[in-house]
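Single chain ahead, written as structure tokens, the form predicted alone.
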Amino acid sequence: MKYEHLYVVMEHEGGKPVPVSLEMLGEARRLMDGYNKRYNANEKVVAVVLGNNVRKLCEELVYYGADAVIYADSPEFEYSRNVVDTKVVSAIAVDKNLVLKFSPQSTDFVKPHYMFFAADNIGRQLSSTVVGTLDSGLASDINKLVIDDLEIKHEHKTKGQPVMYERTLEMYRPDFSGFLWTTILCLDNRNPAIQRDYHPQACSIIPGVFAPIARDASRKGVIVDYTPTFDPGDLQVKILSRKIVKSAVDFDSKKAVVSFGRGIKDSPEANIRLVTELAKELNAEVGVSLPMSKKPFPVSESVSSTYMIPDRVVGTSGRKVIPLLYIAAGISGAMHHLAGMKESEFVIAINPDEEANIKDESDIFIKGRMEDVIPVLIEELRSVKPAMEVRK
């Protein structure tokens, strides 16, 4: 086959994979296990790693689900540079000699069948430049994946005729505030007038959506060393040093976010504590609307310095968040805030004004004051918690 295997482009810090990389690898493993059983195939999960002194990391990736690891080791990869990384990852993706080292039967290999990237600051950019170089299509910010055979009838792709597309990666993302699942497909042109292939079928995956598989040190895999070549012009820009400025707020690893806005005004400190208590029950991160970062209401210094800060702002002036659950308490829904949370999978809004803009972006709108509603939610969560723990 010309298109085989599922490549997962890994990210790491300090010799350790970042969480989303292990999450992607785990989902790749689950998909490929089902795929090989269903199609009687022998395709592999292939981790791709660029870095400096990363050989030990490659062994760990096998333990976490990779059948093969292709790695490029060079001081030039100490820090990520998109131009350099794009060329090397793209070269790895089309190198048949590398594939033959872990899949000798892949003699007709041209490109990967599928390709995963992280939907984070590095992966979003790298995915677009790599897949553009490979001349295929990309789905961004995906949180559900299925491989299936689909009958497609399309005016341009199939010239209006029903055509079976086998082994197609269905890439899902929630849109319209979770009211609708959008399915994204990367399909070949089967219309003879414009016939051409689009591979790999590629996507970037939202952090925190999938679970990594358990580390298994008994797993075996093939580790392949790739020696990159560099264009001297690409190396003219050098990163001499880098300091990672970590945000005090970790939205990416949380599956839920509880945000508050001007609705805290009647009792600011008490209401912020209610919000944080609800967030604790949900294991959620706390966000704020932009006005809250300006500290418009008097609260204690400890509360102000912890919660009314720019790092917690959700919106165009702060962070974009895509959790499974987003709760907006006392937020009217200004456009710049909605832009930062509207891709959340499920949205609950608490607001006494049923004409508030946030209502149109909500799956559930609770008309009421947060100081009345949140205690009820907390009580209900605590009442069902023992049953949930038993189910685990």
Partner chain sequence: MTEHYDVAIIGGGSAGLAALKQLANLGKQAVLIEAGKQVGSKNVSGGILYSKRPKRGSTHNVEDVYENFLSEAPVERKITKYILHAVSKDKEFAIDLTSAHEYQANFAYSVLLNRLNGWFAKQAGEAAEKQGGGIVSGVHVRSITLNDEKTIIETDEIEPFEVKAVIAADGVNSEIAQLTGARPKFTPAQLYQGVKVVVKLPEEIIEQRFGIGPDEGAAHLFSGDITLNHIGGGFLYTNHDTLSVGAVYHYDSLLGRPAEPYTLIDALLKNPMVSEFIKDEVAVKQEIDKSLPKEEQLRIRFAVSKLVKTWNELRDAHYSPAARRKLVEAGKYKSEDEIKARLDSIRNELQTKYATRFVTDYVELEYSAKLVPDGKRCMMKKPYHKNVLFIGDAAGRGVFIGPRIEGINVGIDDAVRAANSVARAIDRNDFSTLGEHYTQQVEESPFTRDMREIDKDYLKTFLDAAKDVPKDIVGQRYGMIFRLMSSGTFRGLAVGFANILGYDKLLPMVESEETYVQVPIEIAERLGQTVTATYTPTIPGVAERIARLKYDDDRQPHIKVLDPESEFMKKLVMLCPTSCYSLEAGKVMLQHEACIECGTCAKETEWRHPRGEKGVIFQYG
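Numbering follows the first chain given and starts at 1. Quick caveat: nothing in here was measured; it's all calculated off a predicted structure. Definition used throughout: the rigid core is the maximal C-alpha set that superposes within 1.5 Å between two forms.
What comes next is about the form predicted in complex with the partner chain, which is not displayed.
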*Based on heavy atom distances of at most 4.5 Å to the partner chain in the model of the complex, which listed stretch, 98 to 106, 67 to 75, 211 to 219, 283 to 291, is the contact stretch?*
283 to 291
*Of D311, D225, E277, E269, which residue is found within 4.5 angstroms of the partner chain in the model of the complex when only non-hydrogen atoms are counted?*
D311
*Hey, in the model of the complex, is K159 touching the partner chain, heavy atoms inside 4.5 Å?*
no
*in the model of the complex, D360 touching the partner chain (heavy atom, 4.5 Å)*: yes
*asked:* Within 4.5 Å, heavy atoms only: does R262 come near the partner chain in the model of the complex?
replied: yes
_So in the model of the complex, is the partner chain close enough to F297 to count as touching (4.5 Å, heavy atoms)?_
yes
*Could you list which residues of 330 to 359 come within 4.5 Å of the partner chain in the model of the complex, counting heavy atoms only?*
A334, M335, H336
*asked:* So, superposing on the core, is the move of V224 at the CA at least 2 angstroms between this form and the one not shown?
replied: no
*Did S204 shift 2 Å or more between this form and the one not shown, C-alpha, core superposed*: no
_Large Cα shift (2 Å or above) at I358 between this form and the one not shown, core-fitted_ = yes
